[in-house]
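Shown here is one chain on its own, the form predicted on its own, set out as structure tokens.
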Amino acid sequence: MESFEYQAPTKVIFGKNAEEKIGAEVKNLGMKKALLVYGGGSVIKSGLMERVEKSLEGYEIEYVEFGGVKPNPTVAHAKEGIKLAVKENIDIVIGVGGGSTIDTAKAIAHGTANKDVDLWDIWSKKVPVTKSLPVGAVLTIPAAGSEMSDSAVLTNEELGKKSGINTPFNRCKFAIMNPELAFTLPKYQLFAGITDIMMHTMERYFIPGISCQLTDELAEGLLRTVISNAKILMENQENYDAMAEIMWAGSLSHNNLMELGRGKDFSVHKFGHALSAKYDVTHGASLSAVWGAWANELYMGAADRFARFARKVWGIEESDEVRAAQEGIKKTVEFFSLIGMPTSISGLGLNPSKEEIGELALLATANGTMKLSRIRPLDTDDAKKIFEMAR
């Protein structure tokens, strides 16, 4: 087991009507004026924003609304939020929505606290984050895990680049999670989120040569929980217990718990980010579209891990490791298909040319400066091959 440091400082308020407690949380932090960040307006139509604002008013917390976050949030939009936050003297930023909204809230918090620094300089790691405003989250979409993670992702549309930063300043002070808020999500959005939850766990799992029994058991249990409850939600999206399991799994999958003693390998995310940056496709769908190709290319370098995954997660009894690994990959791809996720790039409605495949490979490998995967280093040519296999 590798050495590690672990801290998950986010306070979680979980359960029915949890959003009504937001005023008390903000007051306890000593904050006086909040920027409420949201997306396309569903949180207003549903009445959620009204409940959030009523709770803030009950504790004499001022607030300003900032909407318009896209599913693949952009640097340009976050910069607009920074201007508003500076103008209004905001002292806490609260994301009301899913991962895109919470990531935008984090970016606004960083940019407001460092108002003389260009946000992309922070995002491209030219300038380190040494201070930020506190961030809170009211989660409506179980998916990205941003409510407890130290990461945030934005797209620079001018450069056609999607990238993330990891910093302790990305940790939310509190995360309010009411599973009922996800009952009315479009099914595609819900299951794209479930795919992301699984991927956050698997991106930390398929790393060979390191013994981490407890971390393995936690990851395998999380994956089994997600798979079984996803099937329940296919039949009844308003099953509270099933949605609660999925929502909690989303937080645990990406708050670093699943990597303790092993670390992580987000190579599939690099492929997915390239697709999202170039074609603006849904994040979870971009991951399922390439995972099968990635796994089939690399599993022989970690056959024991893939075989364990097959047996522990899917209940496969095959004794031969290679055949078990292959069956586990097949079962996973079949599950993505079952929940309506694409399992190829063509399933995203795309047919990239050979030239575009090359562009995607360069995006995934940071113009050839980065090698992907801890199973076997993948260069730009390897990335091209995987995109071709996924086509």
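None of these values were measured; they are calculated from a predicted model. Note that residue numbering begins at 1 and tracks the sequence as displayed.
Beyond what is shown, the protein has a form predicted in complex with a small molecule; the following relates to that form.
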Contact test in the predicted complex: L360 vs the small molecule, heavy atoms, 4.5 Å | no
Residue contact check: G67 to the small molecule in the predicted complex, 4.5 Å heavy atom | no
Looking at the partner-bound form in the predicted complex, is S149 within 4.5 Å of the small molecule by any heavy atom?
-> yes
Should I246 be counted as a contact of the small molecule in the predicted complex, where contact means heavy atoms within 4.5 Å?
-> no
Honest question, do A137, K161 and C172 all end up within 4.5 Å of the small molecule in the predicted complex by heavy atom distance?
-> no
Tell me, out of A219, I141, I92, A85, which residue has a non-hydrogen atom within 4.5 angstroms of the small molecule in the predicted complex.
-> I141
Sort through G58, G41, G347, G340 and report the residue having a heavy atom within 4.5 Å of the small molecule in the predicted complex.
-> G41
Which of 295-303, 180-188, 211-219, 129-137 sits within 4.5 Å of the small molecule in the predicted complex, heavy atom basis | 180-188
